[in-house]
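Below sits a lone chain in structure tokens, taken as the form predicted alone.
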Amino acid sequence: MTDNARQVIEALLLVAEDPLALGVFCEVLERPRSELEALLHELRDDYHEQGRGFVLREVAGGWRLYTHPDCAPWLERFALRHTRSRLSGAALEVLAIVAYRGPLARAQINELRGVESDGVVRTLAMRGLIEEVREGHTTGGPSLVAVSAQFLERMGLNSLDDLPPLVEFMPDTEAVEEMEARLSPSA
């Protein structure tokens, strides 16, 4: 058995959201069930013997990595200090507006969304995803907000030029007409 098979199994386990059945490993690696089952057991035992911070378990008809139970107190401390809640739909909408159209004044964001967005803007600023910028604004004018370097980092972008074009997300004319027809009251 090559080390490459171990690497592939570990990589699959890291990206999987659910336990992976033995058949998945066989299909991806194109190896016999008995060989891969033995390798999974070997990995499980190796992780245990090495005292790793994770364990490999066979659960729910598949294999999955879990944190080691002995690490629970530290994981709880970490989770309590570093847990961030998911962004709301409103926050995602404001981020998209600022990323594609910014820098913008808060009033411009409100106008584009059609609702007051100051609370959402404050929340995004507290999370470090947007920031106030001085670029192109005169003394006494409204403050402008733009996405932050932290936003770019989290999104895996070097600059806003790396954002996909909006046209990729727009429906074609035929689809718009079909939606309008479905939404229009019948005469």
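In case it trips you up, residue 1 is the first one in the sequence shown, and so on. What you see is a predicted model; the values in this text were computed from it and never measured.
One more form of this protein should be noted, the form predicted in complex with another copy of the chain, which is absent from this view; the next part is about it.
The closest non-hydrogen atom of His41 lies beyond 4.5 Å of another copy of the chain in the predicted complex. In the predicted complex, another copy of the chain sits within 4.5 Å of a heavy atom of Thr67. By the criterion of a heavy atom within 4.5 Å, Ala60 is excluded from the residues contacting another copy of the chain in the predicted complex. Mapping the unseen interface onto this chain, Leu29 counts among the residues with a heavy atom inside 4.5 Å of another copy of the chain in the predicted complex. In the predicted complex, Leu43, Asp46, Tyr47, Gln50, Gly51, Arg52, Gly53, Phe54 are the residues of 39-55 with at least one heavy atom within 4.5 Å of another copy of the chain, listed from first to last. Distance between the C-alpha atoms of Leu92 and Val15: longer in the predicted complex than here (change of 3 Å or more).
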